[in-house]
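Quick setup: one chain, the form predicted alone, written in structure tokens, and binding and motion questions come after.
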């Protein structure tokens, strides 16, 4: 078995270390592009972002400019944002609605279904000229509204790739009877740090109190001692294929980190009672907990008391990433809960809020310190290795993600850690609606 130069996985001590070269080296970054991003399912967007036929969004996925669109018949499509003629971008706006996409360079025009419909000076081409359609990624598929693309025609199907992450996506999506929807408005910001640092941070319960101390103090003071709960008695979870999560016990007392009015409590109780009739107590008890999940390699879904955030991380360079975040919500939610959800999306997760700037500062200081990697070449990710059941403040979930990264980059497959199986609320199963209590 090959021995990785990037990972030290010592089960006897125990100790797990990651070489900081993984965060700074251009060759490592190039290998990630080729071996991970060219051969993974990558999130591009949610179906509910495209509300009408001919809606489109422009996105960059694995360095490629793409058009995420709904055609005239309402089918979700993904196109390469490049004219087959000479390569100019077809759509230069971030989004819109258009029946046709016309290249501003030479005027070639394409339908929202990707077909070439107009060429200026068409008589300059022979009668047998093959009229090209728009190019597309090798694979496009979706799970419960989450749309993924892959540039590998031989990749496993999306459900197989998602493995245990499907369960946690179901817990999020089942929170609405009408179907969870992405709200209008997007957070977009860049971070001068390696993309894997934000992956780690997204499933890192260890940093919450120390890094976000001002948020917890503010909420406690503002609400008379009512402190927001985050992950409670949580567990680190291996979801398979490099996907990982922290999952917590059900929270009590409030929602979105704040106490609710009597009307808000009644609405929450009524909705969850209906969910219990449909899906069973075990599933809804589990739904009432909190989850931070990373779907390998770079999709983050955070379902805390502060709402549901979908975060996509786009690596730009070894020391730079772009982050895009959206808020997912049940459209039938009442005014009070909806207002609190929006407020938290801005004040907690926003680029100028009370959490994200803390995280950005922490990650950027890490990246700056890696200039001294010759003197201090390793980062330690060992917390919880000796614990029988790793908690959300341990680093089991990061080690699990890193082992998958290492396998794809080096070919070295390291065995999983042995820990006590999940129990209690973490094992609650979803009751089929066909077996729900009769209304």
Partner chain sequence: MEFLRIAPEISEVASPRGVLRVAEIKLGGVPRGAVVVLCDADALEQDAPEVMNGLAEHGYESLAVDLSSPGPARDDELLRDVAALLGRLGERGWSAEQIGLVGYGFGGRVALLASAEFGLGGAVSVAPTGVEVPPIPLRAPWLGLFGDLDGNVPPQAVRELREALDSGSPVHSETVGYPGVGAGFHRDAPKVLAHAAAFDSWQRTVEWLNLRVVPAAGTRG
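Please read these numbers as outputs of a predicted model, since none were measured by experiment. Positions refer to the first chain, counted from 1.
The form predicted together with its partner chain is left out here; the points below concern that form.
The single contact residue among 97, 233, 113, 211, judged by any heavy atom lying within 4.5 Å of its partner chain in the predicted bound form, is 97.
Among the residues 342, 117, 263, 362, the one placing a heavy atom within 4.5 Å of its partner chain in the predicted bound form is 117. Heavy atoms within 4.5 Å of its partner chain in the predicted bound form belong, among the stretches 33-41, 53-61, 395-403, 372-380, to residues of 53-61.
Among heavy atoms of residue 109, some come within 4.5 Å of its partner chain in the predicted bound form.
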